[in-house]
Each structure stands twice: as C-alpha cells, then as structure tokens.
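Next up: a single chain in structure tokens, the form predicted on its own.
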Amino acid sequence: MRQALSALTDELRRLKATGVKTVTVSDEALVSIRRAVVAFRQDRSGGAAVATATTSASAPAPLPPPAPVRAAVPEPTVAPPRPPPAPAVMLPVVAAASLPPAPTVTLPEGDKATRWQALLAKVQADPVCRENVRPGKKVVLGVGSLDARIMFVGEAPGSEEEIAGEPFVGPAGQLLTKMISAMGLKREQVYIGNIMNWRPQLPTVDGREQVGNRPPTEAEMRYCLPYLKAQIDVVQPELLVALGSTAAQGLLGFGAFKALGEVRGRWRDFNGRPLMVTYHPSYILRNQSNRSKRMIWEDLLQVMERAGLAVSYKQRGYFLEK
C-alpha cells in the first residue's frame, strides 16, 4: 500500500515538473484514494486511526448552553454515526524490493517471426508478469513490423492496452498513430513497444476496475528491460525513439537526468543504436498548444532526416506559430 501511494505522489510531482498545474480526478478515484489512505493508517495503528477518525467525523460537536427563551426549543437532531470506510482491496503485488533478478532472455535460432513468437511465449509464461496482471487482463508485448527501421518505446500499458494486449491503443496511442502518419509512415511500418509488460497496479475498491495509472518503479522497469532488449535484438531497428521521461530513464539509466528537457531533442545512444528522446503523446493531450506540438514535431523531423525519409516543405512547417 505504501508503494502505491508513494508512486501516486511521485507521478503528481512528475506532472508538476513538466508544467502541469491541474489534473482531472473522478469522484470514484478520490474515494479510492481516501479509502486507501484510511486502510494504510488502519494497518499501521491496528484500527485505532480508523476508530478515531470515524468517531470524530460522526459525533456531534457539543452545543453551547442555550440562551434563555420564552418558547420551548426543540432538541437538535443528531445524525446517526457513519459506518467506517470499507478498506481498499488490492490484488497481491510483488513489492519492488522483493522482485527477483531480471530474467535472462535467450531466443532460439530462426527467422524474426519465429524468434518473436518465442519471446511472446516467454513473456506470457513469466511468473512475475503473470502475478502482476489482473484477472481478465493481458501481458503486453510490442507490435508492428519486425523489419521496422524506427522503433518507438513507451513506459507501460494502460487500461486499454492491458485489455487489448497491445501497446498504445488508447487516446495517447491514437495520437501516436497520427504522428507516425504525419511522418509519411503507417503504424504497420514501425515497431512500438514499452519498457513494461504489465500495467503498474494501484489499489482498487470493492473489486472495481483500477482508476488511473502510475509510473513503474525502477525495480519494475529493471525486471522488464531484458524483454525490451530482446525485442530490439529481433527487430534490429536503425533508430529508437523514447516517448516520455520514464521510457528515457529506462533506456539511458536511472538518474541520468532530472528533467526531460535536459535530454529531449538530442541524439543519445542505447546499445550502439541512435536514440532520440521526446515527449510522450499524452503530453500533447494535456497541452494542446502549437508550441507543445512543435517541440515534439521538431524531434520527429530529426528522426525522419536521420532515417533518410523525405521531408517536404509542408512537413517542415507543421505547427509553426502563425
């Protein structure tokens, strides 16, 4: 529980660092957070914190002595005590500190399709991956052309992705598809993957679906990173594009930078392959200005030029301020 709440706090700090001043939170999410905090306190105090909170919230404040009146004053109506909040219910999660060592991934000889299918089977059978996937959801591996020259790397699956078993199919994924199209390519011509193979968990209430996402922990990413490296080994892309701060940390090394602006838009290296770092498509979903769109587009123009793709005059002018 402490890990989930800490991860949520870290995500809010990360959003603040990128310039986000407000976030939209549903009523259901607020209820989940409050219940998670109450359950955490109850675990620490053996129920005393909950009992104290419930008593103080439900007991009426003492009324001042009534002033002398000629008419009878009716007795105040006291609301019945509220029932204690239901504790948050969370599926067993392998704590970051107790994750086993990262797996060693060895693939059989053969063509790319054979090796990729073998990798998919390994990920789906991985006990840690399976333990961290909620019932009815799927482990996620990359998708796209196994002969792709460009590979995009995100951080982790979200709610839509763990249902489909495919990365970037939600709103951010739809925007990524449009960005790829603007580059003169089709989604099927590139390869898209994630650092993580499962959706990082948050507490759920009363068996309901998880609300919101959290960034993966360093331990979680270290565990899954060999599977990403194996995908790169199979596809053999010429260029890599890291989408967002978390993906960049996973590829460049944890603690390699403090703010994404330090490394964004500059070529780096990952295992001998050129790596471009840019913002995650969700950044554009939160910041709909031409300036924000232009920053990402300038990074993608560099990718197009390095890949030898034709860049038209019209493409060079996308999202410039009028």
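In this text, residue numbers run from 1 along the sequence as written. Every value quoted in this text rests on a predicted model; they were computed, and no experiment measured them.
The same protein has a further form, the form predicted in complex with a small molecule, not shown here; the description that follows concerns it.
- With the partner removed from view, the residue among Ile180, Ala156, Met151, Leu202 that has a non-hydrogen atom within 4.5 Å of the small molecule in the model of the complex turns out to be Ala156.
- Taking the partner from elsewhere, Gly250 is found to have every heavy atom lying beyond 4.5 Å of the small molecule in the model of the complex.
- Taking the partner from the other structure, the small molecule in the model of the complex has no heavy atom within 4.5 Å of any heavy atom of Glu220.
- The small molecule is not drawn, but in the model of the complex it has no heavy atom within 4.5 Å of Trp198.
- Contact annotation: Gly142 falls outside 4.5 Å of the small molecule in the model of the complex, judged by heavy atom distances.
- Stretch 167-175 is the contacting one of 167-175, 101-109, 124-132, 232-240, since its residues have non-hydrogen atoms within 4.5 Å of the small molecule in the model of the complex.
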